[in-house]
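Presented as structure tokens, the chain that follows is alone, the form predicted on its own.
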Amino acid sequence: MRLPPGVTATAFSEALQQFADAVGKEWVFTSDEDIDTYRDAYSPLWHEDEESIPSGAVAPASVEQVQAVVKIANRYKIPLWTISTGKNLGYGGSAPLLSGSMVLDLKRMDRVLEVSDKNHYALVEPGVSYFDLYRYIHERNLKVWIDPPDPGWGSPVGNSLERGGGYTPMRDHFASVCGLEVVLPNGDLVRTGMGALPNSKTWQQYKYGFGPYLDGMFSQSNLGVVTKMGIWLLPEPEAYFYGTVTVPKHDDLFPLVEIYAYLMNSGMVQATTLVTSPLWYARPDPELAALRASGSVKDLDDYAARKNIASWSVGLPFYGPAKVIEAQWEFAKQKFSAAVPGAQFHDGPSYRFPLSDDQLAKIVDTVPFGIPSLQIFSIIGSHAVGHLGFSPIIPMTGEAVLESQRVFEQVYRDLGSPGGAAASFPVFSFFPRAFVNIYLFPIVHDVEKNRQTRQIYRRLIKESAARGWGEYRTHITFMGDIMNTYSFNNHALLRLHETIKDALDPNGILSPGKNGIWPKSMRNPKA
């Protein structure tokens, strides 16, 4: 039997019995077979001593059972690693950062408590998946959309608390959270916002309540266990249209992004899109490869002109009344035409809602229409068993796009990975006013290749931080590395996190090490 750190076999056996008394014996898991299901299927530490492996798992079915589990863990100082559906693949899955932790598995708490298609919100428990919430809405013919990420088997609670992103106008998931119910590390129960008012009628309609706004404390944190969450939904729009803008020259990227940022920040484009280079997706050509290596902008422009390939493109998704969308697209074309000579415009898919079954059957990616899927997994090559994402936040400027490509390509070359990989990935607008670069590394069952991946990843972290780009989310293996880059004023932010952690969780039982926040007993002195 694997033991939690610092816990004797006798104490652990006593705690397991008490967990069983609280949640039922069948919902406490300690066998090797059970533990394997909670390991990280995409671990970059596969078959290495540092791979994180839990000591077991406990799965409560109610708020009261969560409170009981937390109190038992405090009594025996057993670390708990909280998951919702455990589908956080690419970031650690259901595995804890600290080996020997008990996984606090909330997937049995799977009730959709309320959905309003008049005020457009839902109230859900952490075990509800995006598929579950979509089915609940669809079966009742409610005129609201969810905003699923890729993929849709995860939890709105888990994804929102990890600050994930989607594709519709509700794409910034934590920004759509309204009202939390949280079990604190001592087992106490608190509701935030208007939920603190008994018999509140606006818990999911007004975020702030009265006094300090605390919801952010429970996002990407180890300060509590969220057992209910309100989330704002999108009223079903009348129509959708996707238009693409292409520009001919390399340096057209600068006005292209400037106009795009204007459209985004003024609210005309409110959904996730991407900026990419069609040149990087052109058929393999030795001449183009040589031009890329030379770095000559003029030669690249000449090549693009000869081959009739655009240098850059950006897609613009519009949701809303059909007449408004038509006017927005016309306005966008006017702005780009005035700023970029030679800009071209391409009408893409256009739909009126609700979609028919025949229309849905022809759509490959349904996620932008509020319908969860698992289609994203088709991008992973057959040579990989998983992936790892590096995702820094960069300014929404053409200069930042080009600089990030140059920097990351150089890292790949320096560390023996093929060059050109960085520029082949688009930049996304999952969040307003900034871009997210997402680079996917394959995870394989090869220790040396995974070590190289970790080496490249850590170098990318340092190079990004040196230029003022920070990652917004990461795999458990790199949480300490990322937090260490947020070092203003001798790590003042981390010191604040640690002060709050020590006050709320003096025994350090909740998710030790998550996002670099360790309890005092496990804290390493900083260099």
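Numbering starts at 1 and follows the sequence shown. What you are looking at is a predicted structure, and each value in this text was computed from that prediction instead of being measured.
Only in words, not in the display: the form predicted together with another copy of the chain, which the text now covers.
- This chain lacks the partner; the member of A196, L360, V297, I376 within 4.5 angstroms of another copy of the chain in the predicted bound form by a non-hydrogen atom is A196.
- Interface residue among N265, Q452, Q410, T244, judged by heavy atoms within 4.5 Å of another copy of the chain in the predicted bound form: N265.
- Taking non-hydrogen atoms only, W469 approaches another copy of the chain to within 4.5 angstroms in the predicted bound form.
- Residue contact with another copy of the chain in the predicted bound form: T485 places a heavy atom within 4.5 Å of it.
- In the predicted bound form, another copy of the chain sits within 4.5 Å of a heavy atom of R163.
- At the 4.5 Å threshold, heavy atoms of R140 stay clear of another copy of the chain in the predicted bound form, well away from it.
- Per the 4.5 Å heavy atom criterion, another copy of the chain in the predicted bound form is contacted by stretch 391 to 399, the sole one of 391 to 399, 129 to 137, 365 to 373, 439 to 447.
- The three marked residues, V112, V157 and M522, fail to reach another copy of the chain in the predicted bound form, with no heavy atom of any inside 4.5 Å.
- Taking another copy of the chain as positioned in the predicted bound form, the residues of 306 to 344 that bring a heavy atom within 4.5 Å of it are, in sequence order, P321, K323, V324, A327, Q328, F331.
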